[in-house]
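Here you get one chain, nothing else, as structure tokens; it is the form predicted on its own.
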Amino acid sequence: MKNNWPIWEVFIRSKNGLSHKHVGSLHAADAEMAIENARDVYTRRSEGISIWVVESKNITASSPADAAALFEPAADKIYRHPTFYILPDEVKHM
């Protein structure tokens, strides 16, 4: 029965993109069905070259309320933000 099917998160990599982008969610009985449904629902105009599906229950996310505690400690480590380096002209798009 469809009401008991798990929710799957869908990620698509477009033809001109390098990373997968979250495009939505859907219900499916298993991963194979989720990929087929994702293809039908989210790539109707052949805009994708790769589909990832992940059962929603397997995703762990941080809370936006915890952003300060989670990301602020990185601000005091300047070596993680190498904006003070001078790049040679031969190095482009970095």
Partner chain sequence: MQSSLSPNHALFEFALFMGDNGLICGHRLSEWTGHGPALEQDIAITNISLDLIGQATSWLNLAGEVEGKGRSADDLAYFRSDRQYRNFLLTEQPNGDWAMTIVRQFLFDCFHFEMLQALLNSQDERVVAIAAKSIKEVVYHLRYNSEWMIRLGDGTVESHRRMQRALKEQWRFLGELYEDQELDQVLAESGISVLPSSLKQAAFSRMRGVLKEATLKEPAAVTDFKGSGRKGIHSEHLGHLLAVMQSVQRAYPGQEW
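Residue numbers count along the first chain shown, from 1. Predicted, not measured: the structure shown is a model, and the values here were computed from it.
There is another form of the same protein, the form predicted together with its partner chain; it is not shown, and what comes next is about it.
Residue contact check: Leu26 to its partner chain in the predicted complex, 4.5 Å heavy atom: Flag for Leu26 set to yes.
Any non-hydrogen atom of Val41 within 4.5 angstroms of its partner chain in the predicted complex: Answer yes; at least one heavy atom of Val41 falls within 4.5 Å of its partner chain in the predicted complex.
Residue contact check: Val54 to its partner chain in the predicted complex, 4.5 Å heavy atom: It does not: once its partner chain is placed as it appears in the predicted complex, Val54 has no heavy atom within 4.5 Å of it.
Touches its partner chain in the predicted complex: Met33 (any heavy atom, 4.5 Å): Residue-level check for Met33: yes, a contact with its partner chain.
Residues of 5 to 21 having any heavy atom within 4.5 Å of its partner chain in the predicted complex, listed in sequence order: Contacts from 5 to 21: just Trp5.
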